[in-house]
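Presented as structure tokens, the chain that follows is alone, the form predicted on its own.
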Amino acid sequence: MNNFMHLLFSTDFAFSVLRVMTPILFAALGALISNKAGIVNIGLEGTMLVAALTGVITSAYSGSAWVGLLCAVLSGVIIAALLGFFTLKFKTHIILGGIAVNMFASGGTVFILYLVSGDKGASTSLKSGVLPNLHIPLIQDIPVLGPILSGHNVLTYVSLVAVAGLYYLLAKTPLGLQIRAVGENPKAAQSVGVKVNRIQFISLLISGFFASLGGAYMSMGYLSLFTRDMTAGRGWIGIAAEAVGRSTTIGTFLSALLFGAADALANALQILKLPAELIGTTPYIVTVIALMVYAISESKKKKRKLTKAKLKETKSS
């Protein structure tokens, strides 16, 4: 137990929180941008899987991790474009479309991996490219902060920059204003000349972009290979993080940090020699608890609004 507590309050644990938070944060940002436009992207999990496999295959055959990253991003954007095309053009139900993406990715990635390499379940025969870790000058020499903030994979820093970038996009740019307007009241936005379908399509593309970065990180940063269903629900946890964060950029980031801490805690619990099955449920238990707290707070918020509305009606009458 002493060893566990020492690990829990160490810089290594804080470092691992940021490390495991990265794919969750990318998925959460993808959920945020699409939800702001009033269109729920349930296909984040599948998009991450496709990007993870694409990154491994293309980096192995090209010999460049950066080429692999580029192709992974393109694959995620293409998946999002197809989802948007069928949803917005042919009016396919967005939830059913997202589920189809996830189901295709789960089985399709394994099938494609087998066709390309002959491997079943893991890309052991492919020499995947690995994106570099960055050691930040000056910061790496600061006690406590240095070991926590320096030495992460390049995509971890990209995810942190993406939080600031998405905040600026939504709050300070005309496109962000249109995205928020479409999400809040599409008919009103359309009445002033905003092309609702185009804005929602763009939002889905950005959502796919973020999700694909999370997938690429899983297979080219967190690990150096692809394994079957390696995202392990992180796309769904990202959607939960966005909901718990109340669809705000900062709130989403903090929620992703919380879920990352839960994931890191699951890894730290291995030192106690608890059953692996029990340890593996830790992130999902935290997700359920967080969603319960969120649902209760939302219910109380609605009750307060109804009470205020009734009081106004009583006073007016």
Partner chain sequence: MKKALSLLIVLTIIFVTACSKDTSSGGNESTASNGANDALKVVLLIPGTLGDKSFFDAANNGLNEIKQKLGADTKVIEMGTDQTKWEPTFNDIASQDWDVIISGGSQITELMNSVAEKYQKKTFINYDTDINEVASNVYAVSYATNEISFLAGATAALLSTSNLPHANPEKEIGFVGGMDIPGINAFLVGYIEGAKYVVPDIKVAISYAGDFTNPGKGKELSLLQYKSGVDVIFNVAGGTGLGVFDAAKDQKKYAIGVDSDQSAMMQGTDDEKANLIVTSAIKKIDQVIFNAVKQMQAGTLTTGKLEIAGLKEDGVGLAENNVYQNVLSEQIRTQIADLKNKLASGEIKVSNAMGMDTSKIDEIRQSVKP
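Keep in mind that what you see is a predicted model, and the values were worked out from it rather than measured. Numbering follows the first chain given and starts at 1.
Keep in mind the form predicted together with its partner chain is missing from the figure; the text below concerns it.
- When its partner chain is considered in the predicted complex, residue 127 lines it closely, a heavy atom lying within 4.5 Å.
- Taking non-hydrogen atoms only, residue 104 never approaches its partner chain to within 4.5 angstroms in the predicted complex.
- Of the heavy atoms in residue 135, none are within 4.5 Å of its partner chain in the predicted complex.
- Within 4.5 Å of some heavy atom of its partner chain in the predicted complex lies at least one heavy atom of residue 222.
- Heavy atoms within 4.5 Å of its partner chain in the predicted complex map, among the stretches 190-198, 204-212, 222-230, 93-101, onto 222-230 alone.
- The partner is absent here, but in the predicted complex a heavy atom of 121, alone among 121, 165, 108, 147, sits within 4.5 Å of its partner chain.
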